[in-house]
Each structure stands twice: as C-alpha cells, then as structure tokens.
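Listed next as structure tokens is one chain, alone, in the form predicted alone.
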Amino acid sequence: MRQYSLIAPAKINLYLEIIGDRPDGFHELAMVLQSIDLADKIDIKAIGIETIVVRCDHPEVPADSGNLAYRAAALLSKQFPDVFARYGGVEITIHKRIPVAAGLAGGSSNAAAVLVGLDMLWQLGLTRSQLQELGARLGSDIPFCIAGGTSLGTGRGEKLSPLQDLEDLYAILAKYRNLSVSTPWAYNTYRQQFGDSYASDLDNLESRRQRVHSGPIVSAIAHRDKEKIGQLLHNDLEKVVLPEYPQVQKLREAFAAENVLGAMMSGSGPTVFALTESRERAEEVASAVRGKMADTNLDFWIAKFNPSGITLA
C-alpha cells in the first residue's frame, strides 16, 4: 500500500486586527501569519476500502468528523468520488506535538497536510491554489497552513499575500495545559464590546484593509527589522481574553519583563509567545519565566520561524 508522511507546522499571529462584520457572519480580519517549526507529523496510508480512519496519540483529539483532518479527507472523497472509488479510503495517523486548543492552528495544519497528502496519494494533480480553495471551505487558517512562511491574511484570513520570509527569529511559547479559550466566544465577545469600532460599509472595510497592507509591521517585515517587528506585535483579541483569563495576562507580563523583542497572545489564545533572536536567549527566557510562574500545568516550547508550510517528512 502506498503512503506518505508529512510535516504540519503550527502557526502564530504576529498581528491580528478585527476590521468589521462580513455578510457571511464571520469577521473581516487583517492578520500577519507566521509558521513555526513546532509541528505534527501526519501519516496517510491507502487502505483499499472506502472508509476514512483517523488515529492520534493525543487523547483529546477526536477520531471522527469532529476532526478537521477527517473532514478534509471526506471533502476530497466527495469532490472526487470516482478517484475515491478507484483508490479506496485512507488511514490518517496524527503524531501530535502542537498543543491542542492553543490558538496555534494545529487542527487546521493537520487538515492542510491531509489535503496535500491525498492530492499525492490519489494523484489528483491539484495546484496549491486549488488546494487552498478547498481548504477554505473547512477553515480560515487552512489555506495559510498549506503554504506557510510569512503572509498577510485578509477576508476571514483565507486571502493571502506572501510577505518577506523571516529568518533567525525564535518564539518561546507557553500554555496552561488545563486551560482553553473558545474562539467563537472570543470573537463574539469582541463584537459585543467593540462592535461600535467596526468599519460600517464596504469603502471603509477596503480602506482599513489597505492601511494594513502598507502598515508599519508589513514595512518592518520587508526590512527584516526584528526589533520593530517585536514592538509592533498586535492582537485585538487580547482586549477580551486577557481580562477574562488573568493567568494568561500574568504569563504575558512575565514574558514581557524578560527583555524580549516582544510578547503577545497568539490568535484567540491561550498560548502566549515571546520573540528572541537566538535559541540560546529563548532558552534563557523560558527558564526564567518557568521559574517565575512555578506552575506544573504550564508547558513551554521553543520554535524557530519556518519559511514553509506542509512538506514531506
């Protein structure tokens, strides 16, 4: 039986601005997205019968349609029923390293790997843009996870403009094992509290989008100005998540006090990260914050910025 193994990197947000409401009920966003080398490994194997099997070594990851990886395989099987009938189903094994429910797009990256892997396994010959269009049906982060690197994301986050790849930057990530934040809750709470700041019409939406396209953080990335990038980290969702989860606020403050380039919550949280220019410095910061917080439920990772998305293992 043929099989492929793929690397599925996590994602952090360097910038997240909520611009307004969309007709489809989602938010109009402007984000700078960055892949990191903290990654899951996805094994995809043909099994010869028309079914989809998902296995994972993490007990909190579902093995049914609640898993985006399963839904990615189901989407392609419905999109290409003749190919599914010819090649049969698949067994998807997820080796989990990205923390679950962490705001790091682990589920989206797994789904992206399944789309890329099945394209090869079933010899579909799809382009990257075609895979991204399919991925956008399942989740807003999946198109970015396919491509990886550094990108400006608009719309729901699925419209991507590649930016200058960032190298030699390291992220120290920390997350409380027993804490998760609902993404729908975070966005809905932001709408309730800050909806009066939303762009009110299409012209205003476009104007706000263009401001980010030419904004300071995009300029800092173009010039590879690492200090400026750290200073310009921004996440609107911190305004609702940090007051509700004071332990995340304290973790962010602990990182910021360590003379890092910058510190911020990623996505809807609860993962917090800080940026440094070397792995050695990242390890020093992780050790200092671990000692300061002294909580056995707090996990740490060190990851380097990654210029690519889904790749073969």
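The first residue of the shown sequence is 1; numbering continues from there. As the structure is a computational prediction, the values presented were derived from the model and not from experiment.
Below, we turn to the form predicted in complex with adenosine-5'-triphosphate, even though it does not appear here.
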- Choose one stretch from 105-113, 160-168, 239-247, 197-205: the one whose residues place a heavy atom within 4.5 angstroms of adenosine-5'-triphosphate in the predicted complex. 105-113
- Picking from Q130, Q210, T183, Q123, the single residue whose non-hydrogen atoms come within 4.5 angstroms of adenosine-5'-triphosphate in the predicted complex is T183
- Heavy atom within 4.5 Å of adenosine-5'-triphosphate in the predicted complex: which of L68, M264, A30, L38 fits that? Just give me the one. L68
- Closest heavy atom of G117 to adenosine-5'-triphosphate in the predicted complex, within 4.5 Å or not? no
- Message: Test of understanding: in the predicted complex, would E277 fall inside 4.5 Å of adenosine-5'-triphosphate by heavy atoms?
- Response: no
- Message: Although the partner isn't part of this model, could you tell me whether I217 comes within 4.5 Å of adenosine-5'-triphosphate in the predicted complex, counting any heavy atom of the residue?
- Response: no
- Should P99 be counted as a contact of adenosine-5'-triphosphate in the predicted complex, where contact means heavy atoms within 4.5 Å? yes
- Query: For 2-33: residues with a non-hydrogen atom within 4.5 angstroms of adenosine-5'-triphosphate in the predicted complex?
  - Reply: K11
